[in-house]
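Shown next as structure tokens: one chain only, the form predicted on its own.
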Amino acid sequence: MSASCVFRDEGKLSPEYLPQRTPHRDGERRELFEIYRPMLKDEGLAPIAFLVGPVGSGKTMMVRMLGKEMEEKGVLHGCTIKPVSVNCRTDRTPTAVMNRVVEALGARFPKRGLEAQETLRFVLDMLARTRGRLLLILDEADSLVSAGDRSLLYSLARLREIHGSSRVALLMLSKSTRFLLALDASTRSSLQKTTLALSGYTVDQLVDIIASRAEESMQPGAMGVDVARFIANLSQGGDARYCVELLLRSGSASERRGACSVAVSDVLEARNSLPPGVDLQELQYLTEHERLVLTAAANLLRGSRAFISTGELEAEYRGLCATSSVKHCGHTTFWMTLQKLKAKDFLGMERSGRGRRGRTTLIMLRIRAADAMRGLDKTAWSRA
């Protein structure tokens, strides 16, 4: 089997891989570690914190790195710290959560027929015997609350008072802390101590992340800056996870066509395989000028270019109008047409930034140029 000219190690784009660098999250990572540092030196402290942020903002990556660091530093400090992550969307009841903890700890315990509180007591006794500590990470913690039984959260929040133990530190992940309003005031007060909030990544930050992950996983030159920015612009809400998956699939598409570098067409092919996709049937509902503008964009972006300026696009659009005997619209209406095509997800728009001289609006196609041309048959918009 011949070596890939695109990938060096595509496994480094898998969800399980922890990257060497974490662009734009180093500060938050250090802050999160400082919150849980007391586990290393003071058995009387068991931190409780929330890590909140939208999908793809780095929550899962950060807690996995925290767990690894706490486990390693625990050995250096002469204590055993075991990180255990439970996804509460999968394990939605207190019993299911505690059974998952017991399983992760490798303990022999008759799980059937026992209440969550009994299992919790067993875990606490085991930690006391082994002088161990548990960093319990509840991912999508809001699902545990929405399931109805809040007793486990109450017990975890007040372990020292109820069970006389402080061997379990708690880290809860969610998109926001609004779900806490469903808890009683006592539980809410005990839980809501420290919150670290992450925002979605900006386009520029996503470009840095994509470039960093490409450097680890791909051959030199396989990922250009414009293509990285193109991928970043396809992300909804600053979702880095989506971008990394798109990077992996784009590289695979490039390999299938026998190329050694990722092109815009590869990215769009990859995007079509990921939800949500663009419904090409919507092309038939475009107005005459929307079709002309989109055709002009497809003409200009049929090659390897990722972006064009609005000036280039407007000039191409007016040329199409002239050859089709259609009166072109004015600049203001042209701009409104761009906004409508953006809202329908056929075009993307961004202000030019790093690496470009001057400030202008750049246009990108969010579908493949070939698909646009096929869908926009000339007879659908040309006047007789």
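Start at 1 and count along the sequence shown; that's the residue number. This structure is a prediction, so every number in the text was calculated from the model and none was measured.
Keep in mind that the form predicted together with a small molecule is not shown, yet the notes after this line are about it.
Contact annotation: residue 230 falls outside 4.5 Å of the small molecule in the predicted bound form, judged by heavy atom distances.
Among residues of the shown chain, residue 21 is one whose heavy atoms approach the small molecule to within 4.5 Å in the predicted bound form. By the criterion of a heavy atom within 4.5 Å, residue 58 is counted among the residues contacting the small molecule in the predicted bound form. Under a 4.5 angstroms non-hydrogen atom cutoff, the small molecule in the predicted bound form has residue 54 among its neighbouring residues. Residues of just one listed stretch (264-272, 116-124, 91-99, 208-216) have heavy atoms within 4.5 Å of the small molecule in the predicted bound form: 208-216.
Taking 244, 223, 144, 292 one by one, only a single residue has any non-hydrogen atom within 4.5 Å of the small molecule in the predicted bound form, and it is 244. None of 297, 240, 171, 156 but one reaches within 4.5 angstroms of the small molecule in the predicted bound form through a heavy atom, and that residue is 240.
For the three marked residues, 314, 346 and 368, no heavy atom of any sits within 4.5 Å of the small molecule in the predicted bound form.
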